[in-house]
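Below you'll find only one chain, the form predicted alone, shown as structure tokens.
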């Protein structure tokens, strides 16, 4: 037995070594085949390219935006091919055109879900007593509706210009869409400044009422965004968030739009390309947020629409949605009795107040 053990161990080592050699003999050629399969076409392609197109390096430089001489003078005239235009086209017709409609669809589905889960929107729980509370001034309401009408015109025409080739040409035909696109472009360009000015006027009038406070932190932490009642002042944190998105995002959309309609001032194509992508991307976010805003100002919180149409709301609505503000109104003695509980004319509120809810 003692003599047989070394023999078996030696045989085992020989067997294992032979297996390793056999495996290596199989694997090593395979790695070579893989290398040749990957590298050889690249080498041949490069060689053929150099043989068939000796000026490939020149065109490669042209694609990178290298400058040369051009008899036409002006900004970027010496750049033979602007590669940024192709990059812009891929982004505009790629992520923007692909994900933009999905964003709007998701926001609409979210609004529909809120409506269903809330049982048809939040209704005023207490019976109406006829008492009213002044909420927004005439100035705020007029400016708000000017901005709202301008926004709707921009929404319709802007989406037509952004997605019209894919959506409207199959419905209207090429000639029909061409006629509509010309009208949409002029309406969009002339309505944009109206929206920008009215937005700026509203932001200046309402900035003070929308300053953050500790109550806003409590509103987020305690689930006010999920529909739970949290004590709040004249504006809750969600309304303030929408206001500041208008103030920042809306103004950026307006400024980028002004850049686009003044090509004689902003002549660089790269500037126009960036402005269009910023304009379209933020506008889509703006439109999505407006769906929630319009829902909450109408069906989402029944009675809120009175604030921006009549300037006052029922005392029961004020107590249910903005109880801390309602307490201040009662202390100041601004509560009044309306005619038949609705259309009574109360005292005018100060100019600086505003949101539609």
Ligand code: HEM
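The structure displayed is predicted, hence computed values, not measured ones. Positions refer to the first chain, counted from 1.
FYI, the form predicted together with the named molecule isn't displayed, but the following is about it.
Although the partner is absent here, residue 143 sits far enough away that none of its heavy atoms falls within 4.5 Å of the named molecule in the predicted complex. Of the heavy atoms in residue 185, some are within 4.5 Å of the named molecule in the predicted complex. Residue contact with the named molecule in the predicted complex: residue 128 places no heavy atom within 4.5 Å of it. A residue is said to contact a partner when one of its heavy atoms sits within 4.5 Å of a partner heavy atom; residue 254 meets this definition for the named molecule in the predicted complex. A single residue from the set 247, 168, 111, 196 has any heavy atom within 4.5 angstroms of the named molecule in the predicted complex; that residue is 196. None of 230, 201, 261, 148 but one reaches within 4.5 angstroms of the named molecule in the predicted complex through a heavy atom, and that residue is 261.
Contact with the named molecule in the predicted complex, judged as any non-hydrogen atom within 4.5 angstroms, is confined among 133 to 141, 102 to 110, 148 to 156, 203 to 211 to 148 to 156. The candidate spot formed by 162, 276 and 287 lies fully in contact with the named molecule in the predicted complex, as each residue has a heavy atom within 4.5 Å of it.
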